[in-house]
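Okay, so here's just one chain, in structure tokens, the form predicted alone.
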């Protein structure tokens, strides 16, 4: 038995998670997958009503009692500083040491790609983003705020341990998936101190995997070539900020944020899976959000848990819906959120 923590969050996170759970319950019945689900109401509503973001003891509970976490989306304009979102999502990423953010970029049909003459085989790579260091550790400060002499500093932090383990994860991922190339991207020609650490570590780790070709691109060149020659890439590994940026570009190549899945991985502990899109509060409850990103995220989670057959079955059902235009309007269809899930269930 595998117990999954389900956190719908805010906005359309609630909508897509509801549909995702319909698919997971069907998979559970069809494949006797042995999944159990526990839902948590950690959200803007809870924060506004009770002042609670991530409850005391939550991380230990997740770490000890659950096989994985399925997350919706978080963010609400009623919380202007988004404190609850930072405490909940970043709290889990840092507190559970989810150091590898894994984002597969898979084009399910040529019509979804904005690039002319793109074929499905041209867009099939994975971006692995360092997830617990870099520019997102909230290091820095403000001096003389609100004056003409105001100074703001924002610091990046990179450790040898953090850089080495995410690069090693990228090589291990490539090896496990039968991929022959890992590309590391940075901006070491300008950001010399962090870049030097990434460059040396990449060289050291790459030497342990002689069967995998290592390459390097500055991040500006990477974004250019992701558009011009996406077929050149198999596995990309990069830091927290650059990974955040290039994965949105990558999502556009596969049909937009509504089609993008991700996993926040700790190979030795509980991992968290979430669609890439945000909470989009104006769209919440209107039956318009694309549930495919969440459903494909569930497939990622199942594969991570050793349930490869149901994972592939879900991906196949989503691909059939895309081919048949049984989709929401963001990718050219005319169906609502619930109706897309109905179609996916019919193929399952």
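Positions refer to the first chain, counted from 1. Owing to the predicted nature of the structure, the values given are computational and were not obtained by experimental measurement.
Keep in mind the form predicted in complex with 3-isopropylmalic acid (IPM) is missing from the figure; the text below concerns it.
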Contact flag, residue 103 vs 3-isopropylmalic acid (IPM) in the model of the complex, heavy atom cut 4.5 Å: yes
I'd like to know whether residue 93 contacts 3-isopropylmalic acid (IPM) in the model of the complex, with contact meaning heavy atoms within 4.5 angstroms. yes
Can any non-hydrogen atom of residue 276 be found within 4.5 angstroms of 3-isopropylmalic acid (IPM) in the model of the complex? yes
Although the partner isn't part of this model, could you tell me whether residue 244 comes within 4.5 Å of 3-isopropylmalic acid (IPM) in the model of the complex, counting any heavy atom of the residue? yes
Looking at 144 to 152, 129 to 137, 201 to 209, 186 to 194, which one sits within 4.5 Å of 3-isopropylmalic acid (IPM) in the model of the complex if you count heavy atoms only? 129 to 137
Scan 286 to 308 and write down, in order along the chain, each residue with a heavy atom lying within 4.5 Å of 3-isopropylmalic acid (IPM) in the model of the complex. none
